[in-house]
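Have a look below at one chain only, the form predicted alone, in structure tokens format.
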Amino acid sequence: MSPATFPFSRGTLPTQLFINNEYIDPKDPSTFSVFNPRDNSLVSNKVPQAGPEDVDAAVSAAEAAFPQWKAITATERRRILLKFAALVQEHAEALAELTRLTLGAPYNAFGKFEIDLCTNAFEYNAGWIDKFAGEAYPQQDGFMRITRHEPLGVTAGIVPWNGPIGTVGLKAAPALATGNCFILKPSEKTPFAALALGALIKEAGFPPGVFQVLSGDGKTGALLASHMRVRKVSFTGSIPTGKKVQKMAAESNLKRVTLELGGKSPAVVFDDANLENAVTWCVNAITINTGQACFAASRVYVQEGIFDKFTEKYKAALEEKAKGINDPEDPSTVMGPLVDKAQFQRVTGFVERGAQTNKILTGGQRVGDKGFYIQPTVFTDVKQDEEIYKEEIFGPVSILNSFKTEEEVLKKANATEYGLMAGVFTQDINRALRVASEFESGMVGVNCISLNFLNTPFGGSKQSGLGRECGRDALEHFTEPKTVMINLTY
């Protein structure tokens, strides 16, 4: 399939469900609308809403496909995943455009990164297919013991609007690599690139029913989370919705759950840190995807000795970033708009309430008079009881506080129900490792923050989630361990 024959574009949007390797209209004629955040213009009012019959049809197709898919040779399964990865990369710009229409993420600043993440995730997990071995234990008492990793069956992924194709790679790739069938439910805010994947799924050679796409809002997600024949759901989104997914999973068939939820990530900068490096990471970590990232460094703590210097450089760097706020269709744009009106009102609400009792170092204003653009915003000397200190804002808004001692800053960094990402900036390796071990966080960066790797676990502690994505851990979360005991003495 060449770029010229790829069937979807901004002029020909995918507006059907992808079930059993075919594009079909939903049984329920209900649709919903999506808008372009650059100017709030209507993109489409024909996005299909998958209902109970559609979900049942997808689950039935997956169940029928499962015996064949789990038994397929490792060579053939790897070939299909690698071909799919190549097709995603081949059509990267078209897929990114379909996302950009309703997310507003510039291609050079975020869109290309996200497509590459999906591609690399399929390539990485394809490499595991014939290497995800079990264990054998030494013979003892006349028994030999071996373990196997068995696929779960029909699995589902509910992906967020802020990374609608990148997170497909993090969820679908390990599920499919381990022999599961997979149903993808994209966010209702960014459905088009996911729906367009159907053409590539079929072209890559996935058997019917193995990899399907159902668009819809939270009601469709709830149908998957509560379905009695779905064996695993992987969800990325907010903590309140994650709790609902876990409850529905438990109250239905006790399906396995992976939850990648919110964050309020602290960056701790000590006096001996490389100042330029710390500023660069902290700025990029609050402005990537216009701050709409779960692991954004939204709480910055700087030791008193360099606080003034850091503040000056942090402010200047953010104001430089703000100069790149523009139309996401412009290749030079660094920051696009927030995703939609609801998110814009949420973020600006936090900023307006925060400004009543706190000092704004920079930003705080809307950019332009149409669309959902906002300046990167920093509050200083924020008290721990303030909502801007405690709550995930999910926009380019951070707090900047000073601290005196390591003990003090660790208490402040850990005084939250979030535990996704943290970062420590120092040139003292002993301090770095000491602080990293004390952070109550699933991931820690040393002289870096707000990043992840495909070969290491991604996920949070406390209310930031359950389970892990990426690396071998992802494969384990999509399989069930089976112990085989062999009697050697009969």
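Start at 1 with the first residue shown and count on from there. All figures in this text were calculated on a predicted structure; none of them were measured in a lab.
Beyond the structure shown, there is the form predicted in complex with nicotinamide-adenine-dinucleotide, which is absent from this document and is the topic of what follows.
The candidate site formed by E260, E392 and L420 is fully in contact with nicotinamide-adenine-dinucleotide in the model of the complex, as each residue has a non-hydrogen atom within 4.5 angstroms of it.
Checking 111-119, 90-98, 241-249, 330-338 against nicotinamide-adenine-dinucleotide in the model of the complex, the stretch whose residues place heavy atoms within 4.5 Å of it is 241-249. The closest heavy atom approach of E406 to nicotinamide-adenine-dinucleotide in the model of the complex falls outside 4.5 Å. A residue is said to contact a partner when one of its heavy atoms sits within 4.5 Å of a partner heavy atom; T102 fails this definition for nicotinamide-adenine-dinucleotide in the model of the complex, lying far away. Though the partner is left out of this view, D217 does reach within 4.5 Å of nicotinamide-adenine-dinucleotide in the model of the complex, counting heavy atoms only.
Using a 4.5 angstroms threshold between heavy atoms, N180 stays clear of nicotinamide-adenine-dinucleotide in the model of the complex. A single residue from the set P266, G221, G209, G354 has any heavy atom within 4.5 angstroms of nicotinamide-adenine-dinucleotide in the model of the complex; that residue is G221.
Only one of A285, I129, I388, V159 lies close to nicotinamide-adenine-dinucleotide in the model of the complex, with a heavy atom inside 4.5 Å, and it is V159. Annotation for 224-242: interface residues with nicotinamide-adenine-dinucleotide in the model of the complex are F235, T236, G237, S238, T241 [heavy atom within 4.5 Å].
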